[in-house]
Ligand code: PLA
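Next up is one chain by itself, shown in structure tokens, the form predicted alone.
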């Protein structure tokens, strides 16, 4: 390896370097790359220093993550009024992280049982896989009863999406994934990393701050037959704008007509409306039609298990035999990627969903969390409507659902929110209402009104 080197050697006048050559000597050391050796003569003695040269010199600095970078900037801000509305993590009214009481009870049960830390199978904890599929589709759903769902525990929603992307790349070569415009920022990274081609379908209409339903339908119709259509099951991220049930029916019609494959990302079941069943209605609608589909799940939000990295990928197939083969290949993909998933979060989910008393307590607690977000959404709307005398209609904030609100602010206006008002948010104008308190709604309204009207 190239290393720093200092050598002293007696030289004859014929072998010493001229002054003009002293700084031009270049050598290759040990095959590890080029190192410049600087030499300088002192009478009959020459000093040579070989400088370190890294083999990683060609690796450039990666840009900061657009969402996690917001939190880093927030932490560096010393202003007392600062607000972090970037990361999608639930906070209490005091804006503190929250661990659900039912999670604490489930963890105490695990301690009492003295459960071990042995490796899980590649597909994950069987009890977790069973209850998570039932939670998504309903325990009495025919796809569950007939064994048509291949469920594999994944590393939360991101890891589950990545497993599915690898499955698409391997067994549907050349197939394209259509994603909404806009979408969660990591979707594009996942498919790029898996070398799966993607394009966008229209979703958000900036004129109405609502759904561009006709554009969405036209783009899905125009996609190559057999494409994968990535859909947000509920609480669309980042817009908070969901199709109605009637619109979901029409979306399913077009996907069936074009022989596309629906691919749901369900990150907020129960956390959007407060009802597990209501938030799974879109997925169940497609399954009831007998369609084959993929669903990635996450328990980061609805159980507050952010750091446990607990989720699943579900593939609904036309037969139990096909489901068994799909599951075997998902396991084959997972093995060299991470071998097997972590157990702690899986046991928490299995204990809560599998116990009627804990399950009821979770639903009650989740309804309270969803209710707090609805409360700050209403208060923000009231504050904007009372303070803004321009006549602008802010009702879109109430029509959106879930933890996010798409404010309609552009990048310059979002920059003003941060630079002037110390409100940290993503540059696309998305704010996380889960990071807002009732006490801060009027301050946020002032910041939005100023940025909207005074920044072009």
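Residue numbers count along the first chain shown, from 1. It should be emphasised that the depicted structure is a prediction, and the values quoted were computed from it without experimental measurement.
Although not depicted, the form predicted in complex with this ligand is the subject of the following passage.
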*asked:* Based on heavy atom distances of 4.5 Å or less, which listed stretch (366 to 374, 294 to 302, 253 to 261, 129 to 137) is in contact with this ligand in the predicted complex?
replied: 294 to 302
*Please state whether all three residues 203, 240 and 407 have a non-hydrogen atom within 4.5 angstroms of this ligand in the predicted complex.*
no
*Considering 286, 191, 184, 362, which brings a non-hydrogen atom within 4.5 Å of this ligand in the predicted complex?*
184
*Just one of 232, 148, 162, 347 has a heavy atom within 4.5 Å of this ligand in the predicted complex. Which one?*
232
*How about residue 67: is it within 4.5 Å of this ligand in the predicted complex, going by heavy atoms?*
yes
*Taking the shortest heavy atom distance, is residue 270 within 4.5 Å of this ligand in the predicted complex?*
no
*Given that the partner is absent here, does residue 87 sit within 4.5 Å of this ligand in the predicted complex, heavy atoms only?*
yes
*For residue 309, is any heavy atom within 4.5 Å of this ligand in the predicted complex, or not?*
yes
*Is any part of 144 to 165 within 4.5 angstroms of this ligand in the predicted complex by a non-hydrogen atom, and which residues would that be?*
156, 157, 158, 161
